[in-house]
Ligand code: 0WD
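One chain follows as structure tokens, the form predicted alone.
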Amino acid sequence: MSLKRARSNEDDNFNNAKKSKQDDANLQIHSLNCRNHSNFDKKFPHFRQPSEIGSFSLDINRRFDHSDNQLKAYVKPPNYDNVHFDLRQGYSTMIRKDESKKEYINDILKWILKNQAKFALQSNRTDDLEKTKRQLYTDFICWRGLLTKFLCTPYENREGWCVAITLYNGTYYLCEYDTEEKKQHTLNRTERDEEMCCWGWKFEQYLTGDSPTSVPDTDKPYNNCEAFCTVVRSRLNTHSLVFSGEVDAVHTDTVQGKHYVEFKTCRDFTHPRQYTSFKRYKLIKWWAQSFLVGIPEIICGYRDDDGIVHRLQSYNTQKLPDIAKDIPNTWRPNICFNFLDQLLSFIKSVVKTDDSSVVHLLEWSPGKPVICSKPLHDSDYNFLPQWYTDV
């Protein structure tokens, strides 16, 4: 190769690399550092008690149902220390939802359209109803699961996240997308991994019925299609929030009264290190998930490697941080919520274009800052449907 051609190739490579960096720079305009916990180690911010403002169900075909038809009752076993739930039973006949169909935040949007009066200002609901079709007087709309991930971010060291944000008529709509790492992890799952991912739904079947006194039917095929979702309103400092999350069952308890419960499964501990890991990695996610929507009780089924649950334990959501206090460098609720508060403020400061066809990508990977892209027009990440924006 001639010297002239070699230099030409080097120039091309340099220019391509320079262009690539310029393209990245054009997309990544703002960042938020989340590694330094001292930035968030302040007193617990004001977080208003979540209040339920509605609910909806999803049927076996994942169709929206504006009712509580899918709300199940918790059937409490007589002895938590003596159960035998086979989570592998019925796996071959399980009815699964189609994971290839992206649901975005469509079901929340359907609920909003049917409940516009609940977003009108208290001062004059009748006059505000027409305006509410365009404005919700709410800062953020999203799924509860996304807020859970945000809360856990200061302590997360494995999984990142990718979120599309659209500012529309004064409200920030947030929709999560799979990261490339998550897509690859899903592709690499073994058949054993797939089965274990379904054990939680089978566990629910052992503990639920149409009423607290009914007998759970564990012989019929179980599914991960049907769901009951609560819709709650809350406020974190200056940020007003409306979000929705799935609820496993309602517990009619003579002591605590009627309340929602969350079901979890966990491998039973055979070594102190496993219990420490449980307190460090699982409890923070359990706490964040249930605390956000005000679920006070979590029922955990402890299983063996063969998928047999031998004992149950009830956890008070409010007390989970205390259980984890004795581990070194434990997670702290005030850091989680102060990070969420600053992240929401960060979003408000950088996402300024009010347009349903414009999105910003908010991305984070462990060990790195949160990155927000410049506005993307009519991209593959657009998620607000016309049937919602054209109302």
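What you see is a predicted model, and the numbers here were worked out from it, not measured in a lab. The numbering used is simple: start at 1 and walk along the sequence shown.
Another form exists, predicted in complex with the named molecule; not displayed. Remarks below refer to it.
- No clash is found between the named molecule, overlaid from its position in the model of the complex, and the backbone or C-beta atoms here, as no atom lies within 2.4 Å; the site counts as open.
- Taking 210, 195, 246, 181 one by one, only a single residue has any non-hydrogen atom within 4.5 Å of the named molecule in the model of the complex, and it is 246.
- Though the named molecule is absent from this view, in the model of the complex it lies within 4.5 Å of a heavy atom of just one residue from 361, 343, 58, 34, which is 58.
- For the named molecule in the model of the complex, the listed stretch (70-78, 200-208, 109-117, 305-313) containing residues with heavy atoms inside 4.5 Å is 200-208.
- Site residues 137, 238 and 355 are none of them in contact with the named molecule in the model of the complex, judged by any heavy atom within 4.5 Å.
- Of the heavy atoms in residue 90, none are within 4.5 Å of the named molecule in the model of the complex.
- The named molecule in the model of the complex is not approached by residue 252, whose heavy atoms all lie more than 4.5 angstroms from it.
- For the chain shown alone, residue 171 is not a contact residue for the named molecule in the model of the complex, no non-hydrogen atom being within 4.5 angstroms.
- In the model of the complex, residue 99 approaches the named molecule with a heavy atom inside 4.5 Å.
- Contacts with the named molecule in the model of the complex, taken as any heavy atom within 4.5 Å, map to no residue of 320-349.
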